[in-house]
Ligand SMILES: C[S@@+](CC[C@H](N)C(=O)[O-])C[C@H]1O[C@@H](n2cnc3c(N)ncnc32)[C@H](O)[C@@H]1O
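Presented below, as structure tokens, is a lone chain in the form predicted on its own.
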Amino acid sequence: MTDTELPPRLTRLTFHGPLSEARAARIVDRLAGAAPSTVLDIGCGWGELMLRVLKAVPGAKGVGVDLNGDDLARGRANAKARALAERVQFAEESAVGTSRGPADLVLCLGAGHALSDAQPPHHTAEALDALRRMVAPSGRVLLGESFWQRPPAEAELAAMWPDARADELPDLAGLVDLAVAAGFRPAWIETAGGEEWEEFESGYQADVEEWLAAHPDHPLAEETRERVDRHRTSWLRGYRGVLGLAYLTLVPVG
């Protein structure tokens, strides 16, 4: 079976998360203002935000770490197209216990789980401890991390991911408290809005939904349809309006 017969992978997404172009531009401008010379992107995917920071800071060098080879290949291709290939490395490796760093800027966007083998809710605190070790003195961490916008109802939890629990995530205040306890000061606190979530969730599914409409009898159609229907139900009946994503710009203390 050729690649052209398979469902496309995330071609509608610029960022692998609920992040608008406007918010991304503001974040890049703010982070570039600190003039980082080294950037480390944990769970980078294709590293879109890292590449934008590198473009905004001439001479800065970056490393992106992820386990998905397809995403890393996309990142390398994007870096080459933007004349950044000599300034960035995409490494296919685990970030748990990594010796990478310290870096002037550490990005970890929706990838805190990549830094810890701990089970929720302890994974967030362990990820923050790891990030504190990775960032250089006077550096910055941009953490994109999940939180509950409100306590989830039992029916909503049942529709989410397997074994979802109300105690596995903090609220926004609790997430910021964990960052402070790990040795950071929160220089900037912002959260993804409803429109950003809808753009992300729709873009996440759009390629495959259109492929299913065009290939209803494909050998992979039934399996693929079950997967995307399950994900859509998890979003619309489960975490929509309940799960939040915070973007915290953190400065290490001392």
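Model, not experiment: these values are computed from the prediction. Counting begins at 1, following the sequence as shown.
Omitted here: the form predicted in complex with this ligand. The next part is about that form.
Within 4.5 angstroms, counting heavy atoms, which one of the listed stretches 41-49, 210-218, 186-194, 28-36 is next to this ligand in the model of the complex?
Answer to the contact question: 41-49.
Contact test, all of Pro120, Ala166 and Leu172, partner this ligand in the model of the complex, heavy atom 4.5 Å
No residue of the spot touches this ligand in the model of the complex.
Which one, Leu84, Ala114, Leu178, Val141, lies within 4.5 Å of this ligand in the model of the complex by heavy atoms?
Only one listed residue qualifies here, and that residue is Ala114.
Though this ligand is not shown, can you say which of Ala95, Ala182, Val88, Met134 has a heavy atom within 4.5 Å of it in the model of the complex?
Comparing distances to this ligand in the model of the complex, the residue within 4.5 Å is Ala95.
Decide whether Asp66 counts as a contact residue for this ligand in the model of the complex under a heavy atom distance cut-off of 4.5 Å.
So Asp66 counts as contacting this ligand.
May I ask you to check whether Asp104 falls inside a 4.5 Å heavy atom distance of this ligand in the model of the complex?
The answer is no: Asp104 has no heavy atom within 4.5 Å of this ligand.
Looking in the model of the complex, any heavy atom of Glu156 within 4.5 Å of this ligand?
Contact with this ligand, no.
May I ask you to state whether Ala79 is within 4.5 Å of this ligand in the model of the complex, using heavy atom distances?
No, Ala79 is distant from the partner.
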